[in-house]
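In the form predicted alone, a lone chain appears below as C-alpha cells.
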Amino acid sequence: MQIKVENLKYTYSPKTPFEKVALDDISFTINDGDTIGIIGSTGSGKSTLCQHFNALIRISHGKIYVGEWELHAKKLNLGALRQAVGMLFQYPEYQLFADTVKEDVAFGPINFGKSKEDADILARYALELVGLDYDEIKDKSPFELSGGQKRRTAIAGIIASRPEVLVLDEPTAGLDPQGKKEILDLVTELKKSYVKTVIMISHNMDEIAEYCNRVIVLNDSKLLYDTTPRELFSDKEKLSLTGLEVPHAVRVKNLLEARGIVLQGTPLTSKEFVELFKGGAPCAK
C-alpha cells in the first residue's frame, strides 16, 4: 500500500504567541514493501509527520494518499484507515490497560467490529506471532510481565488488527542491547510474513543502517534528504548538515581514515565491517 505525501504543512497553535511550524512543505512517497527510517534531531517533526499517516493529526495544508484513502478529504473512514495503518508509540507498554493480556490484545479487533470469538482468535495468533506463549500468559495481568514481554504484548495488540502498514515511534526506546535486537528482529520477521510496509522513527543510526532500505531526514520542519542509508552515511557533507550521529561501523572507518588507513567501501554494520576484513579488504595507507 503506497503512501504519498504532497506539500504537507502543519503548524501547532497557529496565530497565537505559541505558533510553531512542525512540517514545512514536505513531499515524498513510501512504496509498498519499504522499510523506511524517519530520522532527525529532536523537534524536527518526525512524530508529527507519522501521526498524519493514520489521521491522529488531521491535515491542515497539503495532501496524503494512503492506498485508497485520501486523508485530506473532509469525510474519512477513520476506523478502516487505523486498522490498515497500525501505530506503536514510544514506550507502548505504558498504554497497556486491561485486566488480562488476552483482553488487551483483543481490544483492537473488537473496536474494529470483530466478534469476541474472532477477536480472541486474532489475539492468540498475534501473541504467538510475537513469540509469546498464549496459554501461559493470556490470563495474566499485563503489568506482571517483564519489560520485553510488555513490549511484545503491545506490538501484538497492534498487529492483531492485521495492519498493512506498521508505524513504530522509537520501538527500542528504554531496552537493553539484547532487548533492542530482539524487538528489531521481530519487526523483521513481521515484515517477511505479515506486515507489508514498516515506517520507523529512531535516533539510533545503527538501527537505521541495518534494518531500513530508505531513510527520510527531517531538519527544522523541512525534508532534508530522501535517500538510502548507505548513500547518506557515506557522504560526509550530507551528514554534516543533519547533526546526527553515524553508525558505529562508519565511525570506526572514519577513525581509521584519520590514521591514514582508507578502506575501499563503507560498511554500515558491524557484520559488514567484519566481512570487509575477512575478505581481505583493500585499503590505502
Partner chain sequence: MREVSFGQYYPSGSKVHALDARVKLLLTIAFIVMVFLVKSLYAYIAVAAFILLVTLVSRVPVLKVLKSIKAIIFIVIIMSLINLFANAEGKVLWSWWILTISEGGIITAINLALRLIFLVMGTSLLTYTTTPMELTDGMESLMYPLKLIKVPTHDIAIIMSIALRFIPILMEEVDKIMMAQKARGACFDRGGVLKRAKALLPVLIPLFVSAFRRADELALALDARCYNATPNRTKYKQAKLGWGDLVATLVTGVFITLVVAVNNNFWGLY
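Predicted model only: the values in this text are computed from it and were never measured. Numbering follows the first chain given and starts at 1.
Beyond what is shown, the protein has a form predicted together with its partner chain; the following relates to that form.
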Self-check item: Listed residue that, although its partner chain is not shown, lies within 4.5 Å of it in the model of the complex (heavy atoms), from Q95, T188, S115, S141
Solution: Q95
Quiz item: Just one of 67-75, 122-130, 104-112, 189-197 has heavy atoms within 4.5 Å of its partner chain in the model of the complex; which?
Solution: 104-112
Quiz item: Can you check whether Y134 is within 4.5 Å of its partner chain in the model of the complex, heavy atom basis?
Solution: no
Quiz prompt | Interface membership of I158, its partner chain in the model of the complex, 4.5 Å heavy atom rule | solution = yes
Exercise. Consider I59 of the chain shown here, and say whether it contacts its partner chain in the model of the complex, taking contact as heavy atoms within 4.5 Å.
Key: no
Self-check item: R82 within 4.5 Å of its partner chain in the model of the complex, heavy atoms
Solution: yes
Quiz item: In sequence order, which positions of 11-29 have a non-hydrogen atom within 4.5 Å of its partner chain in the model of the complex?
Solution: P17, F18
